[in-house]
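Encoded as structure tokens, the following chain is the form predicted alone, with no partner shown.
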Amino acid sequence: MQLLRAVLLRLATTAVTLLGVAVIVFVVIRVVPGNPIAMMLPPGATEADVARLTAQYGLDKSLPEQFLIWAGGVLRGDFGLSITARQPVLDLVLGRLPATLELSVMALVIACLLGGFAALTGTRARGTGGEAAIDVANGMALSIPDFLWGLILVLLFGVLWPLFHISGRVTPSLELPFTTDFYLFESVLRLRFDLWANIVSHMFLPALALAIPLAAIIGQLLKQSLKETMHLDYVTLARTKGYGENHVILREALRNAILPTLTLVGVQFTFLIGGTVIIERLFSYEGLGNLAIDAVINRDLPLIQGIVILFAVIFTAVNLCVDLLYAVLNPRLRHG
């Protein structure tokens, strides 16, 4: 019952958060200088043409009226029509979302593997030069932003040693028998491992660029949690029973030390999705981030609003799932 009340409270908070995001974004993008209608028309367009399109997109009304019309459409699943693409915003956003989700999930998996390996290795080598080397590597990985890692990876593995593709999502000449936009997962389900390998080859460098800074954060936090846990009584008891150091770390200390890291991973995953904007542009990856940059450049107001709302929904949904998972894994919260 207590967990149910907590979920209902979080859902109510989520609704208020999404409303606040919608209001702020709606107002901010309309007070920025620039007329999106003027960008749609050729140089010889008349004032009558401008007025016609302005009325067509509802930009001739006051801000409160525009917001109420747009919010009513959103509640019905209608996010409006893109000014530049002349297509429904929802179709455009949902068409690009799978690519960004696959890239983000792959980056998260790489980050967890790299960060977990660094934390476990540093804990196993604590007090030696190996731990100091891992700390230095973590500091270097964290001090370089993801877009700069992207440039480094392009130069290394796209130019000097061309091992991976550095643009696009899949080779255009390949036959794509997909019924969804989740290419990576569907290629596995269809047992088309040739397509899977090609898609991974396109995704690996942008995913690695996103993963390296996050892996450093995960490694630092998990190593610190393990360091604190290694001095607890039940870990000492395991040592007195004759268990080896690897068993003590993996089977005894890791289970409790990983809980704070789990919360961090959930929060950072949402920032990881937001960080795909620059990386997708850098690698010409056909995802939601690339679409967002085009929308901002073209002042496509309905498309910008749809993308921001979708990011907000993902952010709140992931945070809610992480809180629930944390409560399930932590008995003190589940039975408190």
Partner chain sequence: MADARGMVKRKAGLKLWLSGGWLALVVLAALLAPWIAPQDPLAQDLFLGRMPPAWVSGAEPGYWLGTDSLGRDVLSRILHGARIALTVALVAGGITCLIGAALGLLAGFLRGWVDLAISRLIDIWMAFPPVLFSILLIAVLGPGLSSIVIAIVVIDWTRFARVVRAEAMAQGAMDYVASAQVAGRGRLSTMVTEILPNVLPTIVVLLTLEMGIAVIVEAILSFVNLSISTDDPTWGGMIAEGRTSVHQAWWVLVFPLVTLFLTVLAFSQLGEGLKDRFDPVLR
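Numbering follows the first chain given and starts at 1. Please read all numbers here as calculations on a predicted model, not as lab measurements.
One more form of this protein, predicted in complex with its partner chain, exists but is not displayed; see below.
Think of it this way: in the predicted complex, its partner chain has a heavy atom of just one of 171, 201, 87, 143 within 4.5 Å, and the residue is 143. Contact annotation: of the candidates 148, 188, 232, 109, the single residue with a non-hydrogen atom within 4.5 angstroms of its partner chain in the predicted complex is 148. In the predicted complex, its partner chain sits within 4.5 Å of a heavy atom of residue 311.
Using a 4.5 Å cutoff between non-hydrogen atoms, residue 139 counts as a contact of its partner chain in the predicted complex. Mapping the unseen interface onto this chain, residue 24 counts among the residues with a heavy atom inside 4.5 Å of its partner chain in the predicted complex. Although the partner is absent here, residue 154 sits close enough that one of its heavy atoms falls within 4.5 Å of its partner chain in the predicted complex. Highlighted residues 31, 304 and 307: every one comes within 4.5 Å of its partner chain in the predicted complex, counting any heavy atom.
Partner contacts here mean any heavy atom within 4.5 Å of its partner chain in the predicted complex, and among 154-162, 69-77, 254-262, 175-183 they occur only in 154-162.
Residues are counted as partner-facing when one of their heavy atoms sits within 4.5 Å of its partner chain in the predicted complex; in 265-280 these are 271, 274, 277, 278, in sequence order.
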